[in-house]
Ligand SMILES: Cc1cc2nc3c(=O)[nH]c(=O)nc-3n(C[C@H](O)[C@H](O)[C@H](O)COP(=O)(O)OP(=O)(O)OC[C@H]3O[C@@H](n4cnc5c(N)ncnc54)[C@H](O)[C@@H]3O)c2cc1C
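Listed next as structure tokens is one chain, alone, in the form predicted on its own.
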Amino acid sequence: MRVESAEGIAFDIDVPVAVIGAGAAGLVAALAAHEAGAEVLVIERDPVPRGSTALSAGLVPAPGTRWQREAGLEDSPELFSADIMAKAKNEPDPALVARLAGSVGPALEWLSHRHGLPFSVITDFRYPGHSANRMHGLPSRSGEELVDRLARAVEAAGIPILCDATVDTIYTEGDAIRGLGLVRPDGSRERVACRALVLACNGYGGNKALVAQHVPELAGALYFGHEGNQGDALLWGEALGAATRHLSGHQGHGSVAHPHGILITWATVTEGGFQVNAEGRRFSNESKGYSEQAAEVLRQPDGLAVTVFDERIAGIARQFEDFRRAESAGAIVAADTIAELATRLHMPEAALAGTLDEVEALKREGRRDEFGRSFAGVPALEPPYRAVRVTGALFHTQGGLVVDRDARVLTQSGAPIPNLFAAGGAACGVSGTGPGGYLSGNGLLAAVALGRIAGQAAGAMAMA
């Protein structure tokens, strides 16, 4: 990744707004910039728009939406902000938290009203740390559907997406961005001039050296993000003198089916399930959150665990396309008795049965366990039982370039780089410095809310 002077450079084309990355952040930014009246070009290194969005469950947390009101759910940006700050132990920038919490609901309603995305709110379970049911998703509850629908909206708006094009150079003129250079698979090069640039190329989860530097505890973990997330935005930003923050922040996940590599919804835990290691014993407080659970799982023998739940919970989980795929792939083990389940999992029957008895006693008595998990009000598991073998994984990084309330990238002195914007994983998010600060949905919160903010500001600047 290079930053070079634009002096003497002949550009092949000139566009008002260029967006690097065609995941949720980039596509939302493109729609917003186009709505502001600017011509936009989206540049994507893959053959089709995918990004880490396609690997997610596609759920966006948003407070005070019409879908919540229709379901009789009480929520507000203030309550959402408080949840974000509490989960991240007050590490995030309160102003950015408030900005995103207040912007994401209107962004979803705009995507629904203007671009036909059929969101709905999940009402049958709540993710850890959220004080209200505020997760919104599309019918399949998959990130693939989210990015596909956004890509279709971009195409319907007449915004070109240049795929199979890898940006490797940013050209500057003084303190401002003048354009970018890209390379095609055949080695040919093109240079694109722009008046505003949006970095929407996520973080550095796919860059093993940067992960080892900033998140050493997950250096050897399965990476469940997009391999194209090589830290381009971070490296360009640092070369431009941009400020960075919370580079150790990340989202892990303690529930990726092994060896199938399919994300298993955390509802398997929050609705009354639990995790055991190969010895049939629990090892942590699973209710803290799926992000911090990744490292807990990886500390177990062979870096594996088993999530135990039942058919009632499986029924809830089947609203997610990923879970249905996991069932079709044979990742979900079914058994009528604990003895049968232990046999199928090659696990000590006495230990697994004893663990289940302990958990169910805690549920009946409404007590906390030795790890601090409260089982008050948690439904009992009933046969037939279900289980899935899982591993821990790194999904995406949460630290990045520091931005202001208009998604402008700031220098180390706090001044904005004149025409450079960042959204999604390219920007420092609202999860603080470690995995425990990640509140479910923070990744797509920054992608959708900050993507729209960046696009609006970049479009307005380009048309000024």
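In this text the structure is predicted, and so the values were computed from the model without any measurement. For every residue, the number given is its place in the sequence shown, counted from 1.
The discussion below concerns the form predicted together with this ligand, not included here.
What I'd like checked is whether Ala29, Glu39 and Gly179 together line this ligand in the predicted bound form, meaning each has a non-hydrogen atom within 4.5 Å of it. No, because Ala29, Glu39 and Gly179 lack any heavy atom that approaches this ligand to within 4.5 Å in the predicted bound form.
Which one of these stretches, 267-275, 199-207, 280-288, 85-93, sits within 4.5 Å of this ligand in the predicted bound form when only heavy atoms are counted? Result for this chain: 199-207.
Might Gly64 be said to contact this ligand in the predicted bound form, defining contact as any heavy atom within 4.5 Å? The answer is no: Gly64 has no heavy atom within 4.5 Å of this ligand.
Look up in the predicted bound form whether Trp236 has a non-hydrogen atom within 4.5 angstroms of this ligand, and give yes or no. Residue-level check for Trp236: yes, a contact with this ligand.
Should Phe224 be counted as a contact of this ligand in the predicted bound form, where contact means heavy atoms within 4.5 Å? So Phe224 counts as contacting this ligand.
Quick one: is Gly228 in contact with this ligand in the predicted bound form, heavy atoms, 4.5 Å cut-off? Although this ligand is absent here, Gly228 would touch it in the predicted bound form, with heavy atoms inside 4.5 Å.
Contact set, 5-41 vs this ligand in the predicted bound form - heavy atom within 4.5 angstroms: Counting only heavy atoms within 4.5 Å of this ligand in the predicted bound form, the contacting residues of 5-41 are Ile20, Gly21, Ala22, Gly23, Ala24, Ala25, Gly26.
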